[in-house]
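Structure 1 and structure 2, given next as structure tokens, are two forms of the same protein chain, each shown alone.
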Structure 1
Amino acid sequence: MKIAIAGSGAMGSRFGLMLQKSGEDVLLIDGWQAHIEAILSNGLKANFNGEEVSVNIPIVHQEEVHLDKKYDLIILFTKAMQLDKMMTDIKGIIDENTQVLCLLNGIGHEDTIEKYVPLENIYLGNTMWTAGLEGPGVAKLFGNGSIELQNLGVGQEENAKKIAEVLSNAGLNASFSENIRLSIYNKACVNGTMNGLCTLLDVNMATLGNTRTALYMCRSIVNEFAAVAKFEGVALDIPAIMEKIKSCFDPLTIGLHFPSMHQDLMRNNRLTEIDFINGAISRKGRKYGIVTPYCDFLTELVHAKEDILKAE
């Protein structure tokens, strides 16, 4: 299968590497020049579950994609705020047979993708894989994960299952979901509590969990997600989500980790995906006439922190 990965940072590198290894014809597309040059010069280097690997994998700048080549599948892995520009840059390689799978974190990306791709070719997914970048062209790929995905278009279930099969053949452990929006909302609730709060307070999840107000703040945020989700036909199980959130506080499992937003902003001085997590709930809340004061304020505070730190 001809597969393009649009957004080839940490996660795109993982997927590109694993899919190419399984025999797929993979192209990485990215916008970070230093990363592209490193991969063109030295291949993609990765510590892959403890083994140092270096693979030759084609990569092209998103503004220089060859418009005459079409792809069977495009996997979107930009950061959320980079998605619209990526879609504009690559729209020429998308034709009526190109299926587009979105695996970004956050809510509502289909609104952006639908501007460029017919609904019947769009697939939404949610992944539990993780990945990191040590620098341009160098990835750190540890652990296991999974993917759930579903078609947005009516009658495209078989195609969704075929995409899951291709991903699973590469060891990516993908399955068809009957309700991908529920999975996306469930994950967004964890990100929508841990990411913003740990970033603003500059603490790991265990330290957040030890504060007097953590549970109340998390519950208030999750209530807003649930109120908005209900308007979208998604019924969130609030007690189950709160249990999941509490499990993140455990220092014996993942509590000592800093969420990705903390790493992006506090360590790497990069802009965050807050507009597509809590900010998406604020926008949808306004649309449905629901007040979302916790998500509004959290989004504003994170943007203020981005400004103070001059994040890019």
Structure 2
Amino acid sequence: MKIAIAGSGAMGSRFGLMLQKSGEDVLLIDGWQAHIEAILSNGLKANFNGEEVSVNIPIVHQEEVHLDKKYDLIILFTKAMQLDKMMTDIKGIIDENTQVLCLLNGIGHEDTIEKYVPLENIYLGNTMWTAGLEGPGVAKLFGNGSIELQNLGVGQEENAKKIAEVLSNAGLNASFSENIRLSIYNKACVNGTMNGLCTLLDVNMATLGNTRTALYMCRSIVNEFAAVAKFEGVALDIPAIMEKIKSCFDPLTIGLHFPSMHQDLMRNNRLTEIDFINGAISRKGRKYGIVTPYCDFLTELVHAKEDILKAE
């Protein structure tokens, strides 16, 4: 299968590496020139569960994609605020048969994708894999994970299952979901607690978990997500979500991991996705008449931190 990874940072690098190792025809697409040049010169280097690997994998700048080649599947891994530009840049490689799987953090990205891709070719997914970038062209890939995905178009269930099979053959543990929006909200709760709090406190997840106020703050944020989700017909299991959040604090599993928002802002001085996680709950809360003080304040604090650090 011809697969393009649109947005080839930490997670895109993981998926590209694993899919190529399984025999798929993979192209990485990204907008970070230093990252592109490093992979072109030295291959994609990774600490893959303790093993140092180097893989030669094609990569191209998103503004220089060869428009004469079409792809069977495009997996979207951009930052949320970069999605619209990425779709504009790569629209020439999308035809009526191209399937697009969105694995972005956050809520509501299908509204952007549908401007470029018919609904029957759009698939939403939720991934619990983790990854980090140590520098341009150098990834740290550790732990295990999974993917759930579902078709948005009516009658596309078999195609969704075929995509899941391709991903699973690469060791990515994908499965078909009957209710992907529930899974996306569940993950958004984890991102809505771990990302913003770890970024503002400049800590990994285990250190956050060791604070006296961690569970209270996390529960307050999750309550706001649940109130908004309920208005949209999605019932969240708050105790189960809190158990998942607690598991993130374990230093023997993923607790020593710095979430992607921390990597973006504190390590790489990049703007964050806060508007598409906690900020999305704030916007929906205003729309539905639901108060969301924790998400409101967290969003404002992260933006203030971006301004202080002059993030770009």
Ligand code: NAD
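Please read these numbers as outputs of a predicted model, since none were measured by experiment. In this text, rigid core is short for the largest set of C-alphas that superpose within 1.5 Å between two forms. The first residue in the sequence of structure 1 is number 1, and each one after it adds one.
**Q** Eyeball the pair and call it: which is the form predicted on its own?
**A** The chain shown second - structure 2 - is the form that fits the description.
**Q** In whole degrees, what is the turn of the smaller rigid part against the larger between structures 1 and 2?
**A** It comes to 15 degrees of rotation for the smaller part.
**Q** After superposing on the rigid core, how much does the Cα of N195 shift between structures 1 and 2, in Å?
**A** It moves 2.6 Å at the C-alpha.
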